[in-house]
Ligand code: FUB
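Only one chain is shown below, in structure tokens, and it's the form predicted alone.
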């Protein structure tokens, strides 16, 4: 680990996104998505699956009050992943075991939105919700509505399955974000009380447990960074180091002997610092890797960083779709084998690509790496955006690369695929996750240290760094043109990522290249013009990806393109692109010369993130290739 390259992201309060493309998406989140999701959390969206989130906090608040008053409270079973009116009593917890996390992610999105656009009415609504959450906290700091409502005697009894530490992680993230945005510490104090209970419960001389669904690791690091209390960093390190030790903690709790490495799903099959292949539930994995990268950076842990590098390479080189989607199989919402990347059954959970961005940002803080930054860009402009409709009021949980509606309805292997975005989900982790990412997007563009500023994503806006004030005027997504106005506070190096998809680039300053970045010495106030050549191009998979042999995807700039039957007629499998391809481009839309069987046609393509916004129809990213014989 090269300490001279270690940097940190620019805090949200020092960023202002003005990028015309991204400003519109963020404004949609502020004006439509956040209000809509609040209604969903309160179960007020007609025709949507019930959330139960706010209802559970109301129930837990009542229980906490009764316990404080010395009254007896009922006990209900806490033995399922999902509870509703058919399998749980009216007064019991309802929803998924991780239901609390949706509220916390919504609050985190609100915090980021308030940072960039103050809104007294929204802040008052959030404050009222925080009051409700805090009223449900037990005297010892415990805060998870499933066990508070159903059975206080089983707290921390099933770490593998029941998500208490995962929900704590989202509470801590929301609390830090809300404190940083508003200066209000009520939720932060609640998160710290819960964190103190966790630190007092788990450790090398205490219970040697660790989260089944990771997230507490990176959240504890955030608490360390906001408080300076090293016990939170140490606890994050403990969870990472304890994970995967034999005999497995989960087996010991169940009173059984460990006979095989049977916890790949939880990334607990071996110690994380020994892992080199991304396996198991994809969202859990990248959340864990994010925490590992944080701990590696703060502790200068070369061994842990080496594992992170290997895992990042494994994902990007062998397990990531062209869209930046990860997690190829619905069996466990998991990574498949290397190069196992089917199109029609792809899972590609929106949360997984968001988690990949979390991991990438932390890796870029340790060391600039153009390949990792490019992977984050792929995820952001394609699978992340695909997860939300253009009106902000319906969502995809999974993001396949090929959809035939009739097959989805009849093929049991495609049970997870939706042909249109849904109003909400009972398991609604993706919509608020998307809202919090887009609301905090300024934190993903740049990193800096004492001697350098690194531009990883060309998101237009103002960035106040310790080295300089940067005004980044970006038409990156459309024309590939970027203009940087730099007002330096001292001499520093400006490092500009060279996009992998650019066929040549122009920089209006002397530079040298290193690790995929153009390095420019900045000594005085200046303007730097960048030009990237984003011509449409074919992108082929490795021959090891069986599903894509003889096919190609189309990209222009950061966008992957797809064909829909609404533009091209049904049976998209009959289409083939002429090779070499002849493209025409106008206003985000592409046409390319091709064939339907043996008939010459123009194939119309749209950005992948826009698919399914015009009703249910076929969609396909990879199309067959056909040599043009003139």
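Here the structure is a predicted model, which means the values were calculated and not measured. Numbering follows the first chain given and starts at 1.
Not on display, but discussed next: the form predicted in complex with the named molecule.
With the partner omitted here, the residue from 195, 376, 434, 283 that has a non-hydrogen atom within 4.5 angstroms of the named molecule in the predicted bound form is 283. Residue in contact with the named molecule in the predicted bound form (any heavy atom within 4.5 Å), chosen from 108, 235, 164, 349: 349. Within 4.5 Å of the named molecule in the predicted bound form, a heavy atom is found for not a single one of 385, 559 and 620. In the predicted bound form, the named molecule stays beyond 4.5 Å of every heavy atom belonging to residue 157. Among heavy atoms of residue 397, some come within 4.5 Å of the named molecule in the predicted bound form.
For residue 301, no non-hydrogen atom is located within 4.5 Å of the named molecule in the predicted bound form, even though that partner is not displayed. For residue 224, no non-hydrogen atom is located within 4.5 Å of the named molecule in the predicted bound form, even though that partner is not displayed.
With the named molecule omitted here, the record of contacts in the predicted bound form names 275-283 of 364-372, 435-443, 487-495, 275-283, defined by a heavy atom within 4.5 Å. Residues are counted as partner-facing when one of their heavy atoms sits within 4.5 Å of the named molecule in the predicted bound form; in 404-439 these are 427, 429, in sequence order.
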